[in-house]
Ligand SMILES: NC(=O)c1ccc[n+]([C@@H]2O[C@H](COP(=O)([O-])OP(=O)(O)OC[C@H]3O[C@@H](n4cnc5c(N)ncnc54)[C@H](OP(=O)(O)O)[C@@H]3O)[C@@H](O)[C@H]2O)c1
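For reference, the chain that follows is the form predicted alone, supplied as structure tokens.
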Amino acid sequence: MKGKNETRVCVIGAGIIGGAISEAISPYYPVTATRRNIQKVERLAEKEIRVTSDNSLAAAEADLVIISVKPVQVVPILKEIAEPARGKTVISFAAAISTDILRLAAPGCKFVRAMTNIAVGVRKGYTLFSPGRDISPEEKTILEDVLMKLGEIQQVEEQYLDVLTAMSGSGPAYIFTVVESMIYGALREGLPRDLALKAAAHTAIGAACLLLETGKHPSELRDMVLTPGGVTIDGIYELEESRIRTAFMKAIGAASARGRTLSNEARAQAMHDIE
């Protein structure tokens, strides 16, 4: 691999997601990660990632700023880095805080709202992003290259980000629940635990890849597995009996509703902090 890109990136808030983002992009870009307690990010320092508790200094030395903190922390942090980050691209991974609030908190910055999931830890995240109109083509190219180090990316309209947070951001938890349930079912039938885990995980991976690569509807692919009087139809019957599709639809709806509530609360708090 050639030398790192010269674009300097800082990640403010090196928690679970922020730390994973830092690790994913550090082989390609010089990265500074911040956290109030830097002892919690010692592992990052071992991977040639600079760590500091000084958000303002990190933003001043960076060309691109990534914010990965809780929604209630966004406005205070933006006020802190508003001057050193002036004129720079700032990517906010914070849920609920809309671009208009970001601009009010730090009017001199160029904002991008984004959402990803925990799979960035293995560079298999699905990152949705919505760039502001003031992002230049050159800045967008760098932005996309940075985000692609996290996995798949897709540009979307900002209005979809809250629902996508409930679906893709929270989605790994749903998939883990499915995989765990498959493992338990296999254990009940006497399959060894490690074999059950691998079988369930690889089945999930294969099914997802088949779905993406063929472009076929999930129901069409499911029907390809079903044979009259076969094994799979009995399993599907039990799933339908438990109303599993309704349960997942309700889960997405409940998470989306909670997201909207948190968004309204975060917006009210942010406006209070700005005023």
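None of the values given here were measured: they were computed from a predicted structure. Numbering starts at 1 and follows the sequence shown.
Keep in mind that the form predicted together with this ligand is not shown, yet the notes after this line are about it.
Engineer: Among 140-148, 86-94, 199-207, 100-108, which stretch has residues whose heavy atoms lie within 4.5 Å of this ligand in the predicted bound form?
Structural biologist: Looking at the other structure, the answer is 86-94.
Engineer: Considering only heavy atoms, tell me if residue 71 and this ligand come within 4.5 Å of each other in the predicted bound form.
Structural biologist: Because a heavy atom of residue 71 falls inside 4.5 Å of this ligand in the predicted bound form, the answer is yes.
Engineer: Consider residue 118 of the chain shown here, and say whether it contacts this ligand in the predicted bound form, taking contact as heavy atoms within 4.5 Å.
Structural biologist: The answer is yes: residue 118 has a heavy atom within 4.5 Å of this ligand.
Engineer: Could you confirm whether residue 219 comes within 4.5 Å of this ligand in the predicted bound form, counting heavy atoms only?
Structural biologist: Because no heavy atom of residue 219 falls inside 4.5 Å of this ligand in the predicted bound form, the answer is no.
Engineer: Looking in the predicted bound form, any heavy atom of residue 16 within 4.5 Å of this ligand?
Structural biologist: Residue 16 belongs to the contact set for this ligand.
Engineer: If you apply a 4.5 angstroms heavy atom cut-off, which residues in 36-61 are near this ligand in the predicted bound form?
Structural biologist: Stretch hits, in order: 36, 37, 55.
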